Ligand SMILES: Cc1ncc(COP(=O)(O)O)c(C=O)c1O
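Just the one chain here, the form predicted on its own, laid out as C-alpha cells.
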Amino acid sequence: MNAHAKIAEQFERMKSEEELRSLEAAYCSHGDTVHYTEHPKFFNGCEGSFLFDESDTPFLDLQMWYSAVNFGYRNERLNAAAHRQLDRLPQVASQYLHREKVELATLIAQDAERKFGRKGRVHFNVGGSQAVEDSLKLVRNYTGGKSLMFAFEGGYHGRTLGATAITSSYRYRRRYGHFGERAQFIEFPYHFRGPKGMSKEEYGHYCVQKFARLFESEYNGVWDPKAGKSEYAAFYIEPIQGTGGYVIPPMNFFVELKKVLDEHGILLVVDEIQMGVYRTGKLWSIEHFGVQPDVLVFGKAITNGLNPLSGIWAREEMINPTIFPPGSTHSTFASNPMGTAVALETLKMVEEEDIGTSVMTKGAHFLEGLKELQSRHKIVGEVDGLGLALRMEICQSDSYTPDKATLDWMSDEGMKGDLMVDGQAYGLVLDVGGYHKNVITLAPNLMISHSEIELAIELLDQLLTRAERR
C-alpha cells in the first residue's frame, strides 16, 4: 500500500469516528453514562486483561468494567456457556421454570447456609440497582413498612430512586427528591483520613461506639427505649467501599457493629455487587469479617458481564412465599436463561480452579508493587488492598492532601496509548473513586498473570513519573 493509500485509509477511519461522535452528540442521552474525558475512547476489541483500539494498541484494563468482568474479557469457558445456552434456550417467560435458575439459586443458597448458618432463598433481577430496590421492598415488608435506613458515608448502592436514597452522594438525588426511603449516614472507618493517633482497630471501635451512642437516649432520634424499637429498619453496607475508594475497614469493625444492630433489632443488608464473586479472594467479601448478613445483594461479575443478572439472598423468615409472595417484584428479564446459565458456570469454575487462593497470592504480589511505588513517589499517599481489590490514593507532594486534578490528568494520560515497555506502546485504563475523587480503584482481571501485574506496576510508575514532572 503506497503512502497516499495509507493516508486515505487513515482519513476514512478518522472520518468514521468523527461521524460517530457527531451522531452521539445529536442522538444519545448522556444521562445513562459518564464521560470522564471530552472525547471518550472508542474500543474495538478485547482479550483477557486488555482492550484494543482501532490501531490495535493494547490498553491494560485495571478496572474491568467496574469489576464486572472479573474473569477476563472473552473468557473461553464462560463464553462457551453463553453460546450453549443461546443455541438451546436463550429466553423464556419468568412465569415458567428452567433448570439453570433452580440450580443457581440452590448453589448460592446452600453455600450461604454453610457459611452463615441460616437457611435462605435467592431472588433474581437484572441490574445491581434493581436488586437493591428489591431488597428495600423485602426489608420494608418484613419490618412493617419502615422506610428509614442506616448507610455509610462514602457508600454507593446505585442510582435508581430507592438506591440513591441510601447512597451518600447527594448529587445523585438532588434533582429528583425522595420517594420513600431515607438514610442516616454513619461514619465509615477510613483510617488514612481518620483521627490521628489511633490504630486502625481503635478507629474501627471508635466508629462503632459513635454509632451506638445514637441508641443511648430517645432524644438521639432513632430509638424508643420504652417500646424497645428503632425507627430504622436496616443498615446497608458495602464491606469494602467501592465508589468510595476501595476503603478497607479493620477486621474488628463489623463484628462490633453487628452486635449493636442485633441488640436493637436492625437488619444487616450487605451489598456485594462490586466486591462479590472473588474480587477479595472469597465469594462474598463479608466472609472476611466474621458476621452473618440478613440480606445479601449481588450482581455484576456473577456473569462476568456477559448477560445482566443480579439478585438477593435473604433469610428464610424474610423471604419465604408466605411473607414475600409471588409478584412482590417483577422484571421481564429476571432469572433469564442466558444470565443464570453463565452464572452457574462461573460458580462451578471458581471452585474447580481454586480462584480464591490465586486471587490472594496475586493480590499480595500486586500490593507489594504498589507499596514500592509509594516509597518512590511522594504523590502516592496510601496504598492498600484485600485480594485484588486495591487502592492508590493520589495526593499533593505532602503525601496527604487530596489531588483530584493530578489523578484526572493521569487518567487522561493513560488513555493516550503511548506508554512504552520493551518497544511496545500501551494504554492504561484506570477508574477514579474516593471521597475526594483522588483514588485509583484497582480491580484487575482475577486471571491476571504475574507478568501482567509487573506490566501494570511499570505503566503506573511511568504515569506517576510523568505526573510529578509535568
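Fair warning: this is a prediction, and the values are worked out from it, not measured in the lab. In this text, residue numbers run from 1 along the sequence as written.
The next section is about a form of this same protein that is not shown, the form predicted in complex with this ligand.
>> Which is the contacting stretch out of 338-346, 110-118, 150-158, 190-198, given heavy atoms within 4.5 Å of this ligand in the model of the complex?
In response: Going by heavy atoms within 4.5 Å, the stretch is 150-158.
> Any chance S94, H123 and S331 all have a heavy atom within 4.5 Å of this ligand in the model of the complex?
Replying inline: The answer is no: none of the three residues contacts the partner (heavy atom, 4.5 Å cut-off).
> Using a 4.5 Å cut on heavy atoms, which of S285, S168, S129, Q85 is close to this ligand in the model of the complex?
Replying inline: Contact residue from the list: S129.
> Tell me, which of V383, A234, V291, I273 has a heavy atom within 4.5 angstroms of this ligand in the model of the complex?
Replying inline: None of the other options qualify; the answer is I273.
>> When the contact criterion is heavy atoms within 4.5 Å, does K300 count as touching this ligand in the model of the complex?
In response: Yes, K300 is a contact residue.
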